[in-house]
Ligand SMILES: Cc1cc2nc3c(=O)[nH]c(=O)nc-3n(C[C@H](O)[C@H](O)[C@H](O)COP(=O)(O)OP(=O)(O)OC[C@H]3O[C@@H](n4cnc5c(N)ncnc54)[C@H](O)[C@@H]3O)c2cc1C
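Shown below, as structure tokens, is a lone chain in the form predicted on its own; questions about how it binds or moves come after it.
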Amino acid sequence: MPAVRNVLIVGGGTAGSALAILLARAGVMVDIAEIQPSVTALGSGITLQGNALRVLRDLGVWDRAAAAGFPFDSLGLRAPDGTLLAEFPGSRTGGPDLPATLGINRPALTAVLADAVRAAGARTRFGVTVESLADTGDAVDVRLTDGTTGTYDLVVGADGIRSAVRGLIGIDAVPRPTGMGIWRVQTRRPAGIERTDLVYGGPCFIAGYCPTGPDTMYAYLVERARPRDAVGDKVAHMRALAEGYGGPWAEIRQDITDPERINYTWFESLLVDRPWNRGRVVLIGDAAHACPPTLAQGAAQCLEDAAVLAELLLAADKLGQAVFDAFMDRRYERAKAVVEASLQLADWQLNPVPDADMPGLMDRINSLVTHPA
């Protein structure tokens, strides 16, 4: 018998959905409290590396995700004028039978996971989140924001970088801005773009794009962070930044016309010290660790959290601190290494160092995540 019979997951994003699928599929009663009013996803596209794809395969959704997105196996580096400088084979961190990378629109990934959550038998309640938690030692009494209550063997805070659960259990860690901001736009995929190409330099720290489907992609420009309330005309600003880049960017720039397809966010980081639990309440995903997307490992680390926690819960016959300690032994140092490496890459761009070994750092993280968590 698993260590838990019923679980409340707060947050129905990538980490929460993955955990719900794995537990419900094994017979655990799972409720998800999702603050959004419906299945939704903000932003444009997302880049998933091989170790994320490995978890999607374990969830049974890889084929659907691959069909909804755009798999590819190489990476290009370009000069600001568009000249191709180098091509590299992608690191197949999920194994030789999976592509190196998948680009996918966030709403498409959300829909794939939401369908799998329903098929597994987990129940999602939209428009609510947790208001109070009381750990009795043998269970957790929960009150939700709509006034309803429940008692669960385990509560999982998968409610993102500004987690409400984190505060309710007395963890005062807060996200820290890195000093960079990223402009993302969902756009048409110009003919010939079949992978991510990156530009370091020009008017931005990074200019890049990632195909997400047969005729879609998202493009992004990373600059020094500006106040969120002083963004102004998003279309004009992003088009002005894109003027500094040639090659495919000439066509991309012409398609930057709709402010509703543009998303601006700061790069932020977070790392909660171990343990990530207080009694029978545990944090996973961005609620416990978050990093700037310089390594495109954020979603992968969320998925790995879910896979490892589900494995341990289903293998144990009793929920005690030993389960959470085992979770930390497998997840903390790995997540910490990814967060620190992502921050190092950002810092090297903000404060250039002549002998910075960016390829070496990327290779070390790729080697780390090639091995299952």
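When you see a residue number, it is the position in the sequence shown, counting from 1. Just so it is clear, the structure is predicted and the values come from calculations on it, not from any experiment.
Beyond what is shown, the protein has a form predicted in complex with this ligand; the following relates to that form.
Highlighted residues 36, 46 and 158: every one comes within 4.5 Å of this ligand in the predicted complex, counting any heavy atom.
A heavy atom within 4.5 Å of this ligand in the predicted complex is found for exactly one of 184, 280, 78, 189: 184. A heavy atom within 4.5 Å of this ligand in the predicted complex is found for exactly one of 235, 114, 271, 128: 128. Stretch-level contact check against this ligand in the predicted complex with heavy atoms at 4.5 Å: of 291-299, 237-245, 253-261, 67-75, the positive one is 291-299. Residue contact with this ligand in the predicted complex: residue 265 places a heavy atom within 4.5 Å of it. Of the heavy atoms in residue 218, some are within 4.5 Å of this ligand in the predicted complex.
This ligand in the predicted complex is approached by residue 286, whose closest heavy atom lies within 4.5 angstroms of it.
Under a 4.5 angstroms non-hydrogen atom cutoff, this ligand in the predicted complex lacks residue 120 among its neighbouring residues.
Contacts between stretch 1-34 and this ligand, counted in the predicted complex as any heavy atom lying within 4.5 Å, involve 10, 11, 12, 13, 14, 15, 16, 33, 34, listed in sequence order.
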